Every structure is written in structure tokens, then in C-alpha cells.
Ligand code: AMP
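The chain below stands alone, shown as C-alpha cells; this is the form predicted alone.
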Amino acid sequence: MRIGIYGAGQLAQMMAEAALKLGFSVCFFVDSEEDTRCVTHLGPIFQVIPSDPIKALKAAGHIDLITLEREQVNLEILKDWETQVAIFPSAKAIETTQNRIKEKRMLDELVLPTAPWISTETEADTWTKQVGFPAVLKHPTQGYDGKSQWRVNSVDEVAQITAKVDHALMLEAFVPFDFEVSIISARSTKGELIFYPPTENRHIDGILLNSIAPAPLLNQSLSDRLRHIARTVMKHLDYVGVMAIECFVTGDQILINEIAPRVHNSGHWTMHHQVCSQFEQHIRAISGLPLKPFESRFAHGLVNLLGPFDTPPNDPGSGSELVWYGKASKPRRKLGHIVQCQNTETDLIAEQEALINQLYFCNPESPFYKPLPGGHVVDERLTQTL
């Protein structure tokens, strides 16, 4: 089987490596001027011309199916390709999940919980009534790692921002959540489902810093609710592949934040320690191979390596493995990650905090440097901010 991957970043790299280990071959489709250094050693690369997307397919030769590493792609290209070859997840699923407003409308139709929200195409006098302030204003299709999002405190602030764009934005109530979790699931072409244990995530400046799985602060009832959410969304979209759903936990409530129709940074901990990775699971799901259930009695985690790093950090230590993406170094850019595994969550948290202190808070070269008397201890409840 030959699999085409749309994109050439680190997620495409990891999917390709998983496909090659399973005995498949791969090629890559890229947009103009896309950085391809992560995948140049893994298979041929074909540039996509938006006015003639079929040309790239013809250049690639026989392909059994196509998958993607990101949701922000040209839908018309996917729809043209779908007339020639199977695409997983489908163009229809991507059309809903690449747009935050369409995504929220779907969740409302499915009666799944989200924070109050409204599109700014509505009258301004309804914003306060339906959402209230403070709130978060989000671009519907752009933005990741906290980009294209604004904390707003009044109708006037919203109006100032919306006046600079030519389409509706999404206004969502600010949620003072206890912690954030993600649920990563896979669904096969035959409708088979598997779930990884929910992962607890912590961010710094809107960028994922570290994750722990199973989520230490999540009870069984909330874990079951997360699986129900994932099952409902994937079945509704007839989704094939791996999906991540990011949620806020506040008290005994789960509120869905965003859906990522792809493999996800918070699932990178699945790559090592005898676990079937999210990347292998994704390839299995789209190729028709049986899915593998999650089996592990250990505590797993990851710490992202956020630039600048000119070279990979030194050996992360026992029970840890470093993955370096080979991308150009930029401040706050995800350049790699360190996967960790320990017998208990207590041991894992201690190891993570020591590593985070070393990489960021005690490193004057880091944009997150915070010199504090006696060192810096990160809140072990894994809350929203540091």
C-alpha cells in the first residue's frame, strides 16, 4: 500500500515513519514554499498547485489513500482529490473541524457541552447577553499555540478587533477552568474504536508545555464522559483516523474547547515504552489494519522543547527519550519533545518539574526564564497558567 501525506512537518514525519515500519510506502504533498526538511529522507515530495491539484496526484503515480497532518488546508483541493482517491479523514469531516464556528454548531446539534459562544456576525447587543465578559475572541480558521486569539473585556474591544477583519469571529465565554485534558481516539474504516487514557495538559503563553497520562486529577466519571464525547463526534462525522479533543475541566463539568482532526502534540507520549503510538494507530485506522488496544500500567508524560535550541538538549536521563524534529530554531517554536515513563505519577511529576526548571525557568537563554529565589516549582495541579 502507498500512502500520500498532505504536509511535511513533524507530524507528517512521525506518520510516515509509522507507515514505513508497517511495510507501507509513503509520499508527501506540500504547498508552495512549505518547509520539507522533516521528511526529505522518507519519500518523494510533490508540490500542489491550487489551480490544478490533480497534477500532483498524476505526478505521484499510484496512491491508495491520502491523509493529512493538519486541518488548515484548502478544502477545494481535498474535494478534487476525493474524486480520484480515498482521503482519511474525509473532506467533509475536515470542513467542519477546521472552522471553529462550524465545529461549535455541530457540538450544539449533538448536545455536547461547550462554553457559551456566539458568532460576531450577530448584533453586538447580543454578545454580552449570550456570552458575557471577560471572553475570548477566536479566529475561526487561523491560530494555534494561542495565536489569533484575544482576551477581551468589553463589546468595544470586540468591535475594534472585528473591524480589522472581513469575516465573523467566534466569541466564547472565558472559562476559569481547573485544568485541561485531551482525549485521543482512533476509529477505523470498519468503525472500530480505541481510546488512549485522557491526558492532562499544561500550557505556557498558549503553547503546550507538558502532558501527563493518565490524567492525575481526572476521576472515572469524567473519563467516561470524555470517551462518550469522542465516540459521539467520531460516529457523527463518520471519522476515520486519530482525533484529539481538547476539553476544560471545571469542578464536575467537562467543556469541549477544540477538536483536532489529526494526531496531536498531547499524544506524543504514546511513541515509546511499548505502547502502540498514535501515529501507528492512525496508519492502522486508515489502512484497514486492526487497531491495537492501549495497554500500560505506567505513568507517561512529555515535555515539549520550545525554541530557541540550536542543538538538542543533553541526555534527558533514565526513563526518558528525546525526539528532535530537525526544524529551524525559533523562539517558542516546537523543536522536539522528551517522552517520559515512570512507575508512579508522583515520580513522573517530580521528573517533569526538574526538567522544566532546567530547560526554561533556570535557563537565561529561554524566553520563559523566571529567576526566582530558591528556584521555581511549578504548580503540580497542572493549572492553566504558570
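In case it trips you up, residue 1 is the first one in the sequence shown, and so on. Note that this is a predicted model, so its numbers are computed, not measured.
Below: the form predicted in complex with the named molecule, not depicted.
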item: Residues V26, E69 and R284 all lining the named molecule in the predicted complex, heavy atom within 4.5 Å; value: no
item: Contact test in the predicted complex: E172 vs the named molecule, heavy atoms, 4.5 Å; value: yes
item: Touches the named molecule in the predicted complex: E180 (any heavy atom, 4.5 Å); value: yes
item: Contact of H203 with the named molecule in the predicted complex (heavy atom, 4.5 Å); value: yes
item: Residue contact check: N257 to the named molecule in the predicted complex, 4.5 Å heavy atom; value: yes
item: Answer option from W117, F279, F298, F248, heavy atom within 4.5 Å of the named molecule in the predicted complex; value: F248
item: Of S188, N304, Q149, N99, the one that lies within 4.5 Å of the named molecule in the predicted complex (heavy atoms); value: Q149
item: Per-stretch contact check against the named molecule in the predicted complex, the hit in 105 to 113, 236 to 244, 86 to 94, 131 to 139 (non-hydrogen atom, 4.5 angstroms); value: 131 to 139
item: Residues in 317 to 335 with any heavy atom within 4.5 Å of the named molecule in the predicted complex; value: none
